[in-house]
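Okay, so here's just one chain, in structure tokens, the form predicted on its own.
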Amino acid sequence: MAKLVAEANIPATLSYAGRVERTKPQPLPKRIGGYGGAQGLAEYLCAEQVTHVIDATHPFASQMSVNAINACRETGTQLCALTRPAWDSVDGDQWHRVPTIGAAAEYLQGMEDTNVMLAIGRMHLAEFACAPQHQYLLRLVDKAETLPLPKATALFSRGPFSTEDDIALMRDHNIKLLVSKNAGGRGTYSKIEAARHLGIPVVMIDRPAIPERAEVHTPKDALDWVHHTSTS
């Protein structure tokens, strides 16, 4: 998305929440950090004379998306969400769907100890402290000095990953259960394919509900939306 916007010579700023320490190089100016809620974002939009917002946050960053909806409504700013379609189960998948990360932790709390690949990122690991009996495999982008889980192995790497590598990873760690957010897209789908190949059950966490808004699924469609709403 940033590449397309830069190539179209559209003045823009790429905004990061600041959750990841090492961001990839981008062809647009960056802004890192929060805004202070919807009101702070509204003030920023006015101060910077922003006309369009593309919400390309993670599907589970629901508070930021809600803030964007409210701030754009207050300021009359055009808003469109660039989202990845959610994953659907296919033949061979063994999904147990849960509505929230907390529900996934409760599900694991009631299980006997096993080897779990916990693919949820760093922010919500502490919620699984209620199920300390498991041996957890974590794959994180940034190194963490301490982990809230007593039996955990952490790998630090950035996707996308291949299905073959994830099959080997799950075999090497004797994984018996995968816990995943329904992030959608191809970048991290390899773990779902690997679990299917190995017959490993998946605890799939549903996406949080977001109020209705304009939505597209490709960067090109997002850029077309910018052009259309700039001339309509």
Ligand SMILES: NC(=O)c1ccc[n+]([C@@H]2O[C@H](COP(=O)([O-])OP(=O)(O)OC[C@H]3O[C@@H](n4cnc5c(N)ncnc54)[C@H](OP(=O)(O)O)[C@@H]3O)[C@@H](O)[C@H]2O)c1
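We number the residues from 1 along the sequence you see. Computed from a predicted model, the values in this text were never measured in an experiment.
Only in words, not in the display: the form predicted together with the ligand, which the text now covers.
Stretch-level contact analysis of 35-43, 22-30, 196-204, 163-171 against the ligand in the model of the complex, using heavy atoms and a 4.5 Å limit, identifies 35-43.
Among residues of the shown chain, residue 190 is not one whose heavy atoms approach the ligand to within 4.5 Å in the model of the complex. At the 4.5 Å threshold, heavy atoms of residue 17 reach the ligand in the model of the complex. Contact annotation: residue 52 falls outside 4.5 Å of the ligand in the model of the complex, judged by heavy atom distances. Taking the partner from elsewhere, residue 182 is found to have every heavy atom lying beyond 4.5 Å of the ligand in the model of the complex.
The single contact residue among 111, 129, 123, 144, judged by any heavy atom lying within 4.5 Å of the ligand in the model of the complex, is 123. Each of 57, 63 and 67 comes within 4.5 Å of the ligand in the model of the complex, counting any heavy atom.
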